[in-house]
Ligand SMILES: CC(C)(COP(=O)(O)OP(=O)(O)OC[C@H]1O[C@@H](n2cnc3c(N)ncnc32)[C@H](O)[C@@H]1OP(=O)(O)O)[C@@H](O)C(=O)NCCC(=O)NCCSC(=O)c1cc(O)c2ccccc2c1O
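A single chain comes next, written as C-alpha cells; it is the form predicted alone.
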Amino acid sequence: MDPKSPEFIIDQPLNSLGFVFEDLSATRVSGHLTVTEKCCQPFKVLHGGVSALIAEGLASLGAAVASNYKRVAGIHLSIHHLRPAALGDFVFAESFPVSVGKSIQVWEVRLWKTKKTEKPENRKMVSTSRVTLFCGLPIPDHVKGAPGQVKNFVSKL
C-alpha cells in the first residue's frame, strides 16, 4: 500500500481493503475488490459495514465531482443486503446519481459478486444502497488541497 498512490490519497479506508477504482465522474463511479479476510465477518462473508463503506465512498466521490469539487458530507445511508459475497469472491461496485441538486444529491450504489471475466448479465447483486449527501460545505484550511487531489485522481483514470 503506497501512501503516495492516488487510491490511498483519495480514500484510505477503501484502499486498505484492496478496493480499486475503475471510473470516476459526475455520472458514474465504479471499482472492485476481492473479498479477503480483512473485509469479512466471522462467517467468512463480506461484512455489511464494508458494503456501507463502499457505498458512502463511491457516492461521496461522485457527488464531489458533480458539485465541481466542493466538499460533501453524507447525511443519510440506506442499504439492503441481498445475498452474501464469500471469501475470495470478486465484487464489482457501481454508483450513479439519482438526483443532483445545488445543495443535496442522492446516489444509488450497487454491489455485485461476479467473476473477473464474467458477462455483466451473469453477476449477482449483493447489496443496493441510497446515499444522500449535503454539498458545497466550506473546505477547512488543513485540507485545502483535497479538491486538487481529487481532480488529479480523476484525470489518471
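Sequential numbering from 1, following the sequence displayed. Since this is a predicted model, take the numbers as computed values, not measurements.
One more form of this protein should be noted, the form predicted together with the named molecule, which is absent from this view; the next part is about it.
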Legend entry - Triple contact flag 42, 82 and 124 to the named molecule in the predicted complex, non-hydrogen atom at 4.5 angstroms: yes
Inset, instruction - Work out which of the listed stretches, 104-112, 25-33, 65-73, 46-54, brings a heavy atom within 4.5 angstroms of the named molecule in the predicted complex. - result: 46-54
Inset, instruction - Using the arrangement in the predicted complex, list in sequence order the residues of 14-34 with any heavy atom within 4.5 angstroms of the named molecule. - result: none
